[in-house]
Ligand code: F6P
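Encoded as structure tokens, the following chain is the form predicted on its own, with no partner shown.
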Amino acid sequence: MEKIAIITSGGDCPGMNAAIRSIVRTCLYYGITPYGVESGYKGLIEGRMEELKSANVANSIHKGGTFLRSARSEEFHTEEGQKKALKNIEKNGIEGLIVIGGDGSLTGANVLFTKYGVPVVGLPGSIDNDIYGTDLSIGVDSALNTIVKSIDMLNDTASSHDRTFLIEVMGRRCGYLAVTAAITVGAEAVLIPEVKYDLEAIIEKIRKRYTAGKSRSIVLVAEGVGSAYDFGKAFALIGGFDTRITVLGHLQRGGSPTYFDRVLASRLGMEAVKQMKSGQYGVMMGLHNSAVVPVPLNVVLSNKKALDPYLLEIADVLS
């Protein structure tokens, strides 16, 4: 294999640049020419790719986001768009494609592999930690650190004014960020898509804690379960609490990747290139019990990652 192209697609996350750097440096180590595709599948359709050298990834491991940029592409969902992408892959002599992203990005990679025979390897990049086949995805640890730091600062003002803070974090289908953050910051309650909630019971629980002398309350809300603003109205109306809302939003996607994400991205990137060299395609490199292993893309995409019930137990017992 002489030429490998790299794509970052879907939502960006801290650690993507570290993964790109790892792929580029590993390719060069093995005498493979790496190419970067600008703006994901959209750029692949438009033929926006160029050779990457060691200097292109110098001083990038600590930077958030992706210097290759990312974009949504409705056209890639069509056969016409897919064939345009395939034509550009062949035109540039690309023999393998490494795709960094979430379920949608990996689905696109699987289409290229199963439908058109393009050798692909995927890397999980999603702060939600909702990708099956890996214990953690690139960006999760960094997002959690951002969430926890933000809530720690909010805790100070909440305690000073006897307030209840409802904090909305990302997680449309997966409550991992919300539950793990709730444990880490000592939240009183957490609302996630995977578990039915009793709002009145939560409000009564918080009321009892105030009666017992608690100076503040923190409630985590995963975006997939509803708007923190709507829950805030219910807390104020039913509970009579002095309630404040904070939506962390895209703040969670930004910032420098943590030590963990830099190492994880570096490991996954290097192993992706080695997987390509060995001729094993149609897989995603995942983290399993501290080891990096290949997981077939069809297995990744046909399964839903379940939230560890033990995390829910910890959050409930310690709240």
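It should be emphasised that the depicted structure is a prediction, and the values quoted were computed from it without experimental measurement. In this text, residue numbers run from 1 along the sequence as written.
Another form, the form predicted in complex with this ligand, is not on view; read the next lines as being about it.
Undergrad: In the predicted complex, which of 147-155, 227-235, 105-113, 166-174 comes within 4.5 Å of this ligand (heavy atoms)?
TA: Among the listed stretches, the partner-contacting one is 166-174.
Undergrad: State yes only if every one of 127, 223 and 250 has a non-hydrogen atom within 4.5 Å of this ligand in the predicted complex; otherwise state no.
TA: Yes.
Undergrad: Considering this ligand in the predicted complex, which of 84, 205, 77, 72 comes within 4.5 Å of it through any heavy atom?
TA: Exactly one residue meets the criterion: 72.
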